[in-house]
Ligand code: ADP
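Let's start with one chain on its own, the form predicted alone, as structure tokens.
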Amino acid sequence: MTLVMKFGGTSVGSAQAMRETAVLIQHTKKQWGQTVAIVSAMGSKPVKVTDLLLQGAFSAANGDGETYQELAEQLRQIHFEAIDGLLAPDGERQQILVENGRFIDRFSDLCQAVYVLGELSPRALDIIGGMGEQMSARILAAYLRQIGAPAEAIDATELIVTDSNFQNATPQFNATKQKTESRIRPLLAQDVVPIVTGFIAANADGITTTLGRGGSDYTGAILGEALAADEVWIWTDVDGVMTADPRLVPNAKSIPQLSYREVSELAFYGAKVLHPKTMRPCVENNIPLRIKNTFNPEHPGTVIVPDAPNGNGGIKAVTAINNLGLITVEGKGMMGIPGIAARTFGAVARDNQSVLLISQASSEQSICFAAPDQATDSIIGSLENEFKVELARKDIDRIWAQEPVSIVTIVGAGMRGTPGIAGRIFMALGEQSVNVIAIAQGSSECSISVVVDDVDTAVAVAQIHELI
């Protein structure tokens, strides 16, 4: 059996965290046999290595010739403390110190070049931003070898082939599968645990790229597909996906099983779960994807599968996005005029803004949508420019925004087959005098979203959570 595991920044954020992660790798390897581990850069609050690397690059691009040098020394110290706390002097410590030192020297050299040129290209940003994973993988692999567990650090640039869309590259799966099989299978056959860098990859010319948001998680799913793994585990610092934000609902609990559609809805509407693109390679190949807690490894976490049971009453989770504006285009002259919606969202797209929810009156006299509140003034300006003729002749009465508001989203694939869900939701909100400003339900019937005043968010989430 083959298991692919990804460990986040907190799981490798210190010498102690790496010790615990090494124990988890040894333990799961005994159970599963062939095991591959993907690691993020070191990242313990409040310091995250990737943030420091990017901060250095951006400061250099802005003409600051000192900050990146100070950050280089901070990076050197962070990794020295981990190496010093893990590796014995008579072992690989000196070698790993030298290897990591080369990465930090290269970071300094690249930032110096950026400083001199006054320009930071996406290609340079990918090279700089991915160095944290390269350093943490080497430290963890060396520690595993020290405790008698054969391991080898591997840069994912040797495995994952992408296009040249730096900062958000797209994998080319056929080439990736061939490279991964030829590089990883021999190690697994020799009982070696590959410790693979997350986040980074390379284009066909071997130039480093990165996989964008959720990049290290995505690496796990990509390698899971390439190796036809039996499962992919994402180790994080929570017990899987929760029924609600524990900060709003103290009695929120872990959800044992979710479908791909349910998790996609939760991720889109603010829940801290996997990005949908991360899940896709696993779901399309029927590979269970499990989210587990590094600090509570006995907890089963949440497993994501193509389809999942309805659960109690159809509702599985409730989540919310704050600090939004609800923008409305309204006017009696809009009725029956073709193209109003297309022109509305065309104007929003030209303003490079995203829309989170859309609701339109059946009379066609108004259309409203939610967007981040810091974007509302810009969006309204674009819409007023688009509809200046209609505004002048009063076909459109006004374009305005209500803010701040929140979107509260109720998710559960079982809602489709459970009568009365919407009624229960609105009754629960009405009992606490929470006014619903707008409503939207997707055609998949996997979620219902309501817009409420921002100050009512916590009450709305808590009330709906009682229905789970």
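From a predicted model like this one, the values you see are computed outputs, not experimental measurements. Don't overthink the numbering: it's just position in the shown sequence, from 1.
Just so you know, the form predicted together with the ligand exists too; it's not on screen, but the next bit is about it.
State the residue from E386, E92, D245, E225 whose non-hydrogen atoms include one within 4.5 Å of the ligand in the model of the complex. Result of the distance check: D245.
Contact residue in the model of the complex, from T236, Q134, T208, T176 (heavy atom within 4.5 Å of the ligand): After the contact test, the surviving option is T236.
Heavy atoms within 4.5 Å of the ligand in the model of the complex: does A271 have any? Contact check for A271: yes, within 4.5 Å of the ligand in the model of the complex.
Mark D217 yes when one of its heavy atoms lies within 4.5 Å of a heavy atom of the ligand in the model of the complex, and no otherwise. It does: once the ligand is placed as it appears in the model of the complex, D217 has a heavy atom within 4.5 Å of it.
With the cut-off set at 4.5 Å between non-hydrogen atoms, does T457 touch the ligand in the model of the complex? T457 lies outside the contact set for the ligand.
Is H27 near the ligand? Define near as a heavy atom within 4.5 Å, in the model of the complex. No, H27 stays farther than 4.5 Å from the ligand in the model of the complex.
Work out which of the listed stretches, 332-340, 76-84, 180-188, 272-280, brings a heavy atom within 4.5 angstroms of the ligand in the model of the complex. It is 272-280 that comes within 4.5 Å of the partner.
Residues within stretch 7-36 having a non-hydrogen atom within 4.5 Å of the ligand in the model of the complex: Heavy-atom contacts within 4.5 Å come from G8, G9, T10.
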